[in-house]
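Just the one chain here, the form predicted alone, laid out as structure tokens.
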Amino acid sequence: MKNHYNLITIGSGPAGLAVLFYIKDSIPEQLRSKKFTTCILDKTKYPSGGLINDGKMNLTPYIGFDDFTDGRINLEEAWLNINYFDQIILRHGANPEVTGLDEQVIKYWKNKLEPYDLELIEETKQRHIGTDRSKALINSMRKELEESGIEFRLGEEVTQINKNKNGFELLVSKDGDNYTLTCNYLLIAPGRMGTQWFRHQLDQLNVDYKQLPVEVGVRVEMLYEDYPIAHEIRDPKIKMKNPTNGDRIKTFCTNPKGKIRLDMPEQAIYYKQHKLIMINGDGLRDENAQTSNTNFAILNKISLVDPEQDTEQYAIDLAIKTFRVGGWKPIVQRLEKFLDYRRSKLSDFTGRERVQPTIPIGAITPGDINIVYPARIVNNIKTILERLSKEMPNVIHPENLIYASEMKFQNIRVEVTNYLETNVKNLFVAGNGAGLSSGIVGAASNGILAAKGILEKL
């Protein structure tokens, strides 16, 4: 392997992969003949960010597509980016089936929810890869890139980035060994899991960015039959504004017939000797792997202004409190106990046949979310559940389950040009961790746009 590259990409998620696919497909012949060298670095030993999870792709410029909504590209370019990345996904084995095209179904549910001040976000096409099928798809994508000469350096962690007159110097660690890589152009696309590392690197390089709100919440699990909206709209995104305090709350990442899981170890928060791994959910394509339950997240958006404070640190502090109450594991609680401000015990999970947790009790701890989450957040969660139950009564069935903590660390937004170059020359950023997109397709569009910016400089 080389020590110098023309381009290094840090992060093997959708943004990082899209950069390399676009450069591979679009690089001028004279540069191709000179062997323009590229590699992709990731501290994990397996790619690839959000694609390795459930793999929900919103094929629309109106959800998580900041390149369009922020005016970096127009509607025509947005659709070109969507279709470009979608074709890559399809040729590497994604299910060709799409959902969300039935306007009558969307209108029906919007009308059903509107009387309760719940807003259903309209979706167009959505493609679902499935956690159980994502690795095969990623392996195929990686193979195509490697066959074109792009190197994957996985399990290699960048500990420091220095700017010099010729580009960038990266200090890298792997299996206890430390060495240096250099490059002319650098793209950083760390995703949500790398936000703490990312902020440190930005500060060291004097990159301009601003604080964003953080999303804190829970994950709810119930019988598939009790959440009928997800029978017709696979991943309904429902928003609510609490009239009492003005807070914004939403449902997110619905997994019909899915299961609860812990986040990847690489996403853990470290506190003293403890490794805190958040709750998440999986959606499954294989019918034999599917469960009788459905799960979805409820997230509260939290801003800290006047004076502005570090929202990420606030969320980390809240997670530490939650895990302390759970004996350094996530908390699970029966919904009847949560609504009545009573702690769940191990006995609440024996002799109950209606809703069984899809994650082993040994990985989570029966407890009380009310003790650790602020009353304002608890009130927001209860309010949206109660409103959903007006149309779907079993949303608040006593045996349903609620898990904590679920948090989305995407709380900075890097200042960039239209091609996602920072105030540091030849340093580009992309994806959800940079605060420039939300979701797989939006992150991929970021990657395509950054690739165009890099190609223009060559």
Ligand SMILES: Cc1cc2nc3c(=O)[nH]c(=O)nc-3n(C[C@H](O)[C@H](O)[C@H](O)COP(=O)(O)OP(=O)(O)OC[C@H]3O[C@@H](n4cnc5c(N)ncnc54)[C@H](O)[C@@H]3O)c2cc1C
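These numbers were taken from a predicted model, which means no experiment stands behind them. Residue numbers run from 1 along the displayed sequence.
Keep in mind that the form predicted together with the ligand is missing from the display, and what follows is about it.
The ligand in the predicted complex comes within 4.5 Å of a heavy atom belonging to residue 197. Using a 4.5 Å cutoff between non-hydrogen atoms, residue 405 does not count as a contact of the ligand in the predicted complex. Interface residue remark: residue 299 is not counted as part of the site for the ligand in the predicted complex, having no heavy atom within 4.5 Å. Contact between residue 158 and the ligand in the predicted complex is found at the 4.5 Å heavy atom cutoff.
Partner proximity in the predicted complex, defined as non-hydrogen atoms within 4.5 angstroms of the ligand, places exactly one of 109-117, 225-233, 255-263, 365-373 at the interface: 255-263. When the ligand is considered in the predicted complex, only one residue from 280, 134, 311, 344 comes within 4.5 Å through any heavy atom, namely 280.
This chain appears without its partner; in the predicted complex, the one residue of 192, 285, 142, 334 with a heavy atom within 4.5 Å of the ligand is 192.
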